[in-house]
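Just one chain is shown here, as structure tokens, and it is the form predicted on its own.
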């Protein structure tokens, strides 16, 4: 089980995401995380333990942005720690996930062969890498077609 929230607003969303995560904490208290987008940049903050720990981190280093996602985790893949906490982000995408990706080991091996590296032990990070690869290919194809 995990708890997931996403908010889009005309003002900063991090406080509302924290409030929602506190209400969802019964779905997972191994770790918590948030990712917001501000001026086109993904800002990811995460921690092991409860939402209160994440709230303290955000008090020290606020996460601005009017679009964001949050996650509380009950670990299924990888030990409960900051590295395995969601979201998993790249320069292009940030992902939270509830469930199990049955073929994640096979997919991980495929993308390692393509030159990608993984930070966590989670199956969710595979989604981040697949989407990042997709966006890179799409961006390359778009640039290639424009310059042809």
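All values reported here derive from a predicted model rather than from experimental measurement. Positions refer to the first chain, counted from 1.
The same protein also has a form predicted in complex with a small molecule, omitted here; what follows describes it.
Scanning 64, 81, 53, 98 against the small molecule in the model of the complex with a 4.5 Å heavy atom cut-off leaves one residue, 98.
Contact with the small molecule, judged by heavy atoms within 4.5 Å in the model of the complex, is confined among 90-98, 33-41, 56-64, 107-115 to 90-98.
When contacts are judged by a 4.5 Å heavy atom cut-off, residue 2 counts as touching the small molecule in the model of the complex.
Within this chain, residue 124 lines the site of the small molecule in the model of the complex, having a heavy atom no more than 4.5 Å away.
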